[in-house]
Every structure is written in structure tokens, then in C-alpha cells.
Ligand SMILES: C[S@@+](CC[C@H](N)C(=O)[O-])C[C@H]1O[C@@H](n2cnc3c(N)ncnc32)[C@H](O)[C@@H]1O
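Listed next as C-alpha cells is one chain, alone, in the form predicted alone.
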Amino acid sequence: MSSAFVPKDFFQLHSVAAIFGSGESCEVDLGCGDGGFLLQMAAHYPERRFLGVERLLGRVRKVCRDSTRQQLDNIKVLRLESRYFLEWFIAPGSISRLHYLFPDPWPKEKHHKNRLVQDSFIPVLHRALAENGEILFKTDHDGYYQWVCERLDASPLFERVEWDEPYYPKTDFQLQWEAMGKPIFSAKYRRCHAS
């Protein structure tokens, strides 16, 4: 059974049950790349559902091949752009945890408008997360780290909580940056009730 999820209609909201066959929530690896983190998490937590979202077809195919080879039946992979997925594709309240790991920081000021996390993005994220849902964010780019944290800290929709992950595999990017001696920045936020 292929782990690729190819919807019949990209223009409707999709529940977790529609994607996995059961369940009300899942964890999402947003921009899952070649799936190294996603596959390790799915193997370690077989009782959880994991959805990888990635826009590049070659990466999607690789994750699907690897998950099939490892016989991981708790993974689905979706080829879609991240913002569209959160705003228009996934049903509200579907994501228990969103892993946002080493995204493109768009470091040049003229490109900051391309960053996923903007003020307008915060309500979109809040709507997609389940009650008490979490976003786990890691980056090697101090500027983008400050950018994301400033926006989430300023929002009443989220509260910062301690990073207390007993098991959290490192992505290829993290291993690469650490080998170069670069610091890694991480932050974890929990969804608050809407006022």
C-alpha cells in the first residue's frame, strides 16, 4: 500500500479520517524533504499518525519508497505547498503537532515577504491545530528564529512552552549545520483557546 495521498479534489477540506482511514488528528512534518525525520518519528511512535507535506515530487517519491520499504503504515505523504495545505486543504483542528524544521529563512530583507510565518499566518495556524496542539520549530538562522518567535509571542493565540522532547531525531540539515559548528535554535508553542 502506497503512503502517497493523492486526493480526488484539492479544493475541499480533508479530514484526518479521509487521509488515513481513521482518526481525528495527526502530526504534520511541514516541508518534510527526503523524510529522514518523518520516517524516524513514525518508526519510534507507531501509535501516532504522521503526514509529510512536500511540494517537490522527487522528495515525495523517495519518502513513499522508504516508508514502504520500512513497512510503516502510519505515514502518508502529500505533495502540496505548505500555506495552501494549512489554509485550504486540511480540516480545522486536525493537526496535533506541526513540525516546522529548518525552513528556507529567506534571509534577504526584500524576500521576507516570502517567509511562511507572517502576521496573517498566525490565525491560519491556530485554526489548523487541534485543541492544545503544538508547533515545534527549529532553524539555524537566528534572524528567522527571532522573526517567528516575535510573531508567536505577540499573539494571544499561542503560548510558548518548554522544549521537553524525550525523542526528537535530528534532520539532515541539523546534522550538517552542527558539523559546521553553527548553533541551532528551537522553540515550541501551544495553541491557546480563541478568545
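Please read these numbers as outputs of a predicted model, since none were measured by experiment. Start at 1 with the first residue shown and count on from there.
We do not show the form predicted together with the named molecule, though everything after this point is about it.
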Q. Out of 119 to 127, 88 to 96, 69 to 77, 101 to 109, where are the residues with a heavy atom within 4.5 Å of the named molecule in the model of the complex?
A. 101 to 109
Q.
Using a 4.5 angstroms cut-off on non-hydrogen atoms, would residue 9 count as touching the named molecule in the model of the complex?
A. no
Q: Using a 4.5 Å heavy atom cut-off, state whether residue 20 contacts the named molecule in the model of the complex.
A: no
Q) Quick one: does residue 33 come within 4.5 Å of the named molecule in the model of the complex, counting heavy atoms only? A) yes
Q: Give a yes/no on whether residue 154 approaches the named molecule to within 4.5 Å in the model of the complex, heavy atoms considered.
A: no
Q | in the model of the complex, the residue from 65, 141, 55, 48 that sits within 4.5 Å of the named molecule by heavy atoms | A | 55
Q) Looking at the named molecule in the model of the complex, which residues in 163 to 178 have at least one heavy atom within 4.5 Å of it? A) 171, 172, 173
